[in-house]
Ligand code: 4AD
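Before any questions on binding or motion, here is one chain by itself as structure tokens, the form predicted on its own.
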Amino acid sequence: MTTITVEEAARFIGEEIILRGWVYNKRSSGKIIFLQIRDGTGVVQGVITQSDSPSLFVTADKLSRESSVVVEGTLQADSRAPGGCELKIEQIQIIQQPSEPFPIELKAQSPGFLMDHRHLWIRTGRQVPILRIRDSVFRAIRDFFHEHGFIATEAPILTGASVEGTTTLFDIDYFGTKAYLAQSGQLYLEATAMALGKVYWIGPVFRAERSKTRKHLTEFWMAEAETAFYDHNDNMRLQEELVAYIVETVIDERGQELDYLKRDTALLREQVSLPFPRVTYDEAITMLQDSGHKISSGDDFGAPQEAALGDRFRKPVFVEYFPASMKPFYMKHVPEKPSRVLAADLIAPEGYGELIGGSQRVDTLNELEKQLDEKKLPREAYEWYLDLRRYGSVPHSGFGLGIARTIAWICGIHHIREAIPFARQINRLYP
């Protein structure tokens, strides 16, 4: 007898199999019990009839939700059942029977309650498909970079300097010296790119923003890349190819999960048709003003403005050439318009906000020293970063993609907290 997973079940119709999992739900219809068994790859319906096995029927009747079991039986074709088959259960081995009712019900419950029980909530309903899609997103990112000749590297979580401004730093005592949780791995990736040419990493970053919006997390995962000899346009081209690759991979691999989430895959494919539109920051401001938004040049985009831009283009859109005053010190200024930087944000459609921030980096020592001074940043903390411009500097560019926001957009879910196994937010450190 073969031990299988639920996602393999369709290949074993007519055969006796062993399945290990948990009781997801149970219902009774007279003298028939229907058990839904989940194993992480899917859910299959099992059937026990009282007439076939009275003792097995009694055992099944006592099972509660989330009992862990090993079941044996024969798979039968059934077009009405999920996956196209049903399991006629012939034996049940109970591994553990919960002593009290499972707290997560298969009906609407408050977000606060569900987040307090996130360790259990992830077993139910839409959470499993979302987390399986998350797996595909991570793998697609790695595959894309590997296929494009990038080398995977790492950046430290503990740093001595700011990347994205000092107001969102988490500071810690590092053996008597002040250190910070990393906001980005970018500066270190720049160093590694000077050794390896094209590099990327996927890792956690931390932002101490006091934000409670549906698009913000305190700890989240970024996919960041840095490439020697890439200019601003090369950088945007790489970004749009990556996003399209991720979405196409998820559609191909996780069609069943997207269907469960009622996500329109035809719309997703249309959204990632290349190239993505590009507008300048100044053009975007004019578009927003013309459509009734109260925004002025020099203002950053809020959620309503990002949503409006996404609605206008109905696909991801690059907004480029931001005012230098709005952006970090390491971005290269536009040569013919020094008040602007060679940077772009990629705004998602459907109100999901900024997916990617990227730029061409400053590549000369004089420029970098000047921009550090303008931002009033302590030079000593960046001496190693200045060395990258002293010894063999070249034009180079990079970007960071927010993975949770990307997953939220692909899945069509409202709140980013569902796009990561355990969300860390301004008001949430448990579980």
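Sequential numbering from 1, following the sequence displayed. Computed from a prediction, not measured in an experiment: that's the story for all the values here.
Beyond the structure shown, there is the form predicted in complex with this ligand, which is absent from this document and is the topic of what follows.
- Q186 belongs to the set of residues with a heavy atom inside 4.5 Å of this ligand in the predicted complex.
- Though the partner is left out of this view, G46 does not reach within 4.5 Å of this ligand in the predicted complex, counting heavy atoms only.
- Using a 4.5 angstroms limit between non-hydrogen atoms, K26 is distant from this ligand in the predicted complex.
- Heavy atoms of H216 reach within 4.5 Å of this ligand in the predicted complex, making it an interface residue.
- R207 is the sole member of K315, R118, R207, H333 with a non-hydrogen atom lying within 4.5 angstroms of this ligand in the predicted complex.
- This chain lacks the partner; the member of V319, L242, V137, M222 within 4.5 angstroms of this ligand in the predicted complex by a non-hydrogen atom is M222.
- Across the options 352 to 360, 153 to 161, 140 to 148, 291 to 299, residues that bring heavy atoms within 4.5 Å of this ligand in the predicted complex belong to 352 to 360.
- Scanning 408 to 431 for heavy atoms within 4.5 Å of this ligand in the predicted complex gives just one residue, I416.
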